[in-house]
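Let's start with one chain on its own, the form predicted alone, as structure tokens.
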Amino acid sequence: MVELAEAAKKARTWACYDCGKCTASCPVARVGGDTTPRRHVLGTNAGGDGVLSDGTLFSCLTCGLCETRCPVQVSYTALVRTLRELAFREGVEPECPHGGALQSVMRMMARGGTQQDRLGWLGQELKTEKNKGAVFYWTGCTMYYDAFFSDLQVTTLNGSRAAVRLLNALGITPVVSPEERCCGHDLLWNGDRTSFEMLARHNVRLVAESGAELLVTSCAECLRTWRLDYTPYLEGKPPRILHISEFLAEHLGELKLRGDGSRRVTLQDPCRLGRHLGVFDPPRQVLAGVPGIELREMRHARQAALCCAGGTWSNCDRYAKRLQVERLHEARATGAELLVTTCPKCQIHLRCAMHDPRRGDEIEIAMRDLGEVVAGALA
């Protein structure tokens, strides 16, 4: 299969010498799952299309942990994405949780023609523009998440509100567009490149027409998509693209912050923000600048951080739950009172795990977005 040969070349799978470190590092394999990165690598090298129908192709979390330990630098996550695109073309799709409802909403946005209530979450106290401005705040799909997971008391929009409030506190009135659509991250990583490209072209054009020189987002997956996957669609001088933690790290000294007593917190490193983009220091710099905050690192942090186990809405099984419970145990073990997140997906998946009635209080911990923590300290 010609496409597999090209995938092997791009991902460097030809360099694999079957050491097994990828499988030994895989979080899903470690908790009992059948996912075997090495099998996908060797199957690609063999050139047979059986690798496309492998039942574990969509079990990979694409967290990137195996890549940090591969001695020959095989780009495994890039390989998985390519294999999923080829599989999707052959009619193979993941068994998405929640009946694939979120993917359906994303494809509706890709097609366009559907009226969205994109600005209903904005309160009167928040100053925004709808069309033109130097700074564009990219909301992502938080309004959909909060509606869809209301039974879990998910509040990812609080992070969006906090980000706009912080921008306002710095004298910035950002563009928050009613025409924004899903960035397409999940569709791309599940193989649906056609729908992704429709979203990418719309969103790139929208931001370009706003005249924005800077795009800020609170979502690690949106950041990864804009910074890496949208590159082929950007024309002219693209905007600077920052996560809210990076933006705040640059401007924290301009904010008047007060402490409300000592508080111990721990931090979740999202895979897309951390291993995919190398953004580890900014969230920690921001927390260090908030009076009264004491950061207590989990056992697995930074490059070794554990995935929230559900980044593309294709993993919601007993193995994902084991990983989420393990991560919450780690957070509790630090003695922290608060788990700080920098991606709405992490918050959703970890909060879902906390709703397991069999676990009781053993994994319960308060959770807030980094922007909320900073906005809560504004004087």
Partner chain sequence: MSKGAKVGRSKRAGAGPQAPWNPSIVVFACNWCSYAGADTAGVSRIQHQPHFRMIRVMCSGRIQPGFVLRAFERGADGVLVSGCHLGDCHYVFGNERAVEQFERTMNMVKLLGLESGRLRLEWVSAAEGARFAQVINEFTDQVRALGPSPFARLGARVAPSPEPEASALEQGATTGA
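Note that the structure is predicted; figures quoted are calculated from it, not measured. Residue numbers count along the first chain shown, from 1.
Not pictured, yet referred to below: the form predicted together with its partner chain.
- Proximity of residue 230 to its partner chain in the model of the complex: non-hydrogen atoms within 4.5 Å are absent; the residue sits far from the partner.
- Its partner chain in the model of the complex comes within 4.5 Å of no heavy atom belonging to residue 193.
- Interface membership of residue 111, defined by any non-hydrogen atom within 4.5 Å of its partner chain in the model of the complex, is confirmed.
- When contacts are judged by a 4.5 Å heavy atom cut-off, residue 144 counts as touching its partner chain in the model of the complex.
- With respect to its partner chain in the model of the complex, the three residues 13, 23 and 53 uniformly fall beyond 4.5 angstroms at the level of their nearest heavy atom.
- Look at 200-208, 261-269, 159-167, 115-123: in the model of the complex, residues with non-hydrogen atoms within 4.5 angstroms of its partner chain sit in 115-123.
- With the partner omitted here, the residue from 99, 171, 278, 236 that has a non-hydrogen atom within 4.5 angstroms of its partner chain in the model of the complex is 99.
- For the candidate set 104, 131, 303, 285, a heavy atom within 4.5 Å of its partner chain in the model of the complex is found for exactly one residue, namely 104.
- Within 4.5 angstroms of its partner chain in the model of the complex, the stretch 146-164 places a non-hydrogen atom from each of 147, 148, 150, 151, taken in sequence order.
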